[in-house]
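The chain below stands alone, shown as structure tokens; this is the form predicted on its own.
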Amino acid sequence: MRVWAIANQKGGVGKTTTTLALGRGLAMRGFRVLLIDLDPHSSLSRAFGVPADPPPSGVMELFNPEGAELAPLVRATEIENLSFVAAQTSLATLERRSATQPGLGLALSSALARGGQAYDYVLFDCPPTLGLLMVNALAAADRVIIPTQTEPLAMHGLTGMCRTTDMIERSRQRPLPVSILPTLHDKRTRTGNETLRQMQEQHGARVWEDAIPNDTRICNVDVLTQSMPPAQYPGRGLSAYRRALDWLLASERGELEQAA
């Protein structure tokens, strides 16, 4: 089992789209994939048609004092090999609970230790804030993928997110590789191209050499949540995500071989 956290402390950078696209791509390559929605806004859960009311069972149960099992919370999707765990708006209350309920910082790690072996990849769709949920995801992750827009303001969020991953890496005392995925890129603009170049200069091999284009077709959730052969991917966006997945898997293979 490999665990990827898709995270950025800045909102609107394409975290949920990235989680869906990468998870879908992994599943269509034959991997057993579980997506876990950690955002109280529940965008990933809504993409799969889970209503907000009545509140669904999902991630919140993993933070119960007794530690719920993962398997009963998992929902199947139309895409073979792809499942997910829904988020709830009540996740926003966890910060208050953490003051009186010890052990919440490792709730997701514990849940995966009990039930994650059924999957080849687990992807966390993280909220855009540094708090208990993101810390849980980073503590459990084997890799952090940071989607980030190619615009100047996004660079500040990227720097902050890299500092956070460095802090978590020191705390847990094992490597936490970071992969930076430029998103929502408009190659027609000088600002976008200059920001992408600056990102690559500052963060080197951590940054994908290409970028996910600003493609409105991948805003259509049906494209991301329905089964479709790779040859029929509509538009530039999903094709770019397929190439990005190639890069991520190659990076992971290289790191595992180096560690062996």
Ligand SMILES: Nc1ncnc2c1ncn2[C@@H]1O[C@H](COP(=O)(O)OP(=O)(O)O)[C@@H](O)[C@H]1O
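This structure is a prediction, so every number in the text was calculated from the model and none was measured. Residue numbers here begin at 1 and follow the sequence given.
The protein also exists as the form predicted together with the named molecule; that form is not presented, and the subsequent description refers to it.
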Practice problem: Let me know the one among V33, I218, M60, M199 whose heavy atoms come within 4.5 Å of the named molecule in the model of the complex, would you? | Solution: I218
Practice problem: Just one of 60-68, 209-217, 187-195, 45-53 has residues with a heavy atom within 4.5 Å of the named molecule in the model of the complex, so point it out. | Solution: 209-217
Quiz item: Though only this chain appears here, would R24 touch the named molecule in the model of the complex if you measure heavy atom gaps against 4.5 Å?
Solution: no
